[in-house]
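Let's start with one chain on its own, the form predicted on its own, as structure tokens.
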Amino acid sequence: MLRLIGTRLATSVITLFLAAFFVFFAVQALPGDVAEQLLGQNATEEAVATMREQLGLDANVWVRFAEWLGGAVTGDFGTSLVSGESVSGTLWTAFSHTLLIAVPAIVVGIGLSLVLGVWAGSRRGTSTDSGISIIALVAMSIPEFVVATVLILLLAIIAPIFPAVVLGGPGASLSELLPAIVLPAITLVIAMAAYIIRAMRSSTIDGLATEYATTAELKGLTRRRVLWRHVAPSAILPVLPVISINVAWLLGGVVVVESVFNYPGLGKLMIDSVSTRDLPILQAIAVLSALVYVSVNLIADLLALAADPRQRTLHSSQRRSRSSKEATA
């Protein structure tokens, strides 16, 4: 088990390093000169050269990558080219705002999706199953910005219960953000729930068809007890990858949803940084998104290993098989 965890951790670190490597050099390969863009088209060559020296753009690209990577490891992503403020401070402020809508959406969305998926799978072929499946399919087919627009129309304009957008910008206080997180969170729940519901439904159907579920019912256990005590916990394991992808998608900054609601989260910060070509912030957002994806998938893998002894047995068997082949060779 410890060896498996070590392997997963090593793979995650390598993946994160490769993501940082490609992000940095992809940004460096973008056309145009950052110094010229900051100074304007009428800037003299001397002014551009001075600006490039101040930004460190005249140094060797490998030296710049090593310095940037060393700073990124310690949480220092440099200084914003537009505001002149610390990238780390701007990044963590936006990420904390994203967490305000992502965490409630994750808790409500995952819990609701798992229950509905089990409910639909246990009533396969009934009107309940058909209704839940149709709703999930419709939710999967409608883009997030359409859902967001409809919610604004219904709950912010026709019935002005919640604010449509955040007016305070990145400096908005918690009291300004809290009323505005409801509509984005509902949008995210609708967007993510459909995929988990369908995956959980299929997994539940497979679980009910297994021999242990049938045997449990033959021994006198009620179908309800078999479903929630035996089938549902096992059915969650194949759904973990789907859940991890959706969680990483939410925590990585939901660009479209945050743009529609003018919500000052990570996705909105990325859009603003692209328009102003603030490269240090773009690099930091890309690395943070990669870190979120790697971490969430690592947690999902470890949960699957801890909950399913068969996976540990499989890895042990594969390792013994390789050792036997090497000994024979």
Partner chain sequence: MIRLRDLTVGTRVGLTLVGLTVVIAVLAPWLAPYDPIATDADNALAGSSWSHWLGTDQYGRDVLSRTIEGGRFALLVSLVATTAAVVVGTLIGAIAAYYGRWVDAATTRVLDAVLAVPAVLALLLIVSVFGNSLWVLVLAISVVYVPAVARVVRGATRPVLSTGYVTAARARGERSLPIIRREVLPNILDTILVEFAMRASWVVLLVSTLSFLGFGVNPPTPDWGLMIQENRTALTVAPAGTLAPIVTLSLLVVGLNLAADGLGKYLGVDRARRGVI
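Predicted model, so just to flag it, every value in this text is computed and none were measured. Residue numbers count along the first chain shown, from 1.
Below: the form predicted together with the partner chain, not depicted.
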property: Candidate stretches 108 to 116, 71 to 79, 94 to 102, 145 to 153, one within 4.5 Å of the partner chain in the predicted bound form by heavy atom; result: 145 to 153
property: The partner chain contact in the predicted bound form: Val274, any heavy atom under 4.5 Å; result: yes
property: 4.5 Å heavy atom contact, Val182 and the partner chain in the predicted bound form; result: no
property: Interface membership of Phe22, the partner chain in the predicted bound form, 4.5 Å heavy atom rule; result: yes
property: 4.5 Å heavy atom contact, Ile132 and the partner chain in the predicted bound form; result: no
property: Candidate from Leu227, Val189, Val242, Leu177 lying within 4.5 Å of the partner chain in the predicted bound form - any heavy atom; result: Val242
property: Non-hydrogen atom within 4.5 Å of the partner chain in the predicted bound form for each of Ser88, Val296 and Ile299; result: no
property: The partner chain in the predicted bound form - contacting residues of 200 to 216, heavy atom within 4.5 Å; result: Ser202, Ser203, Asp206
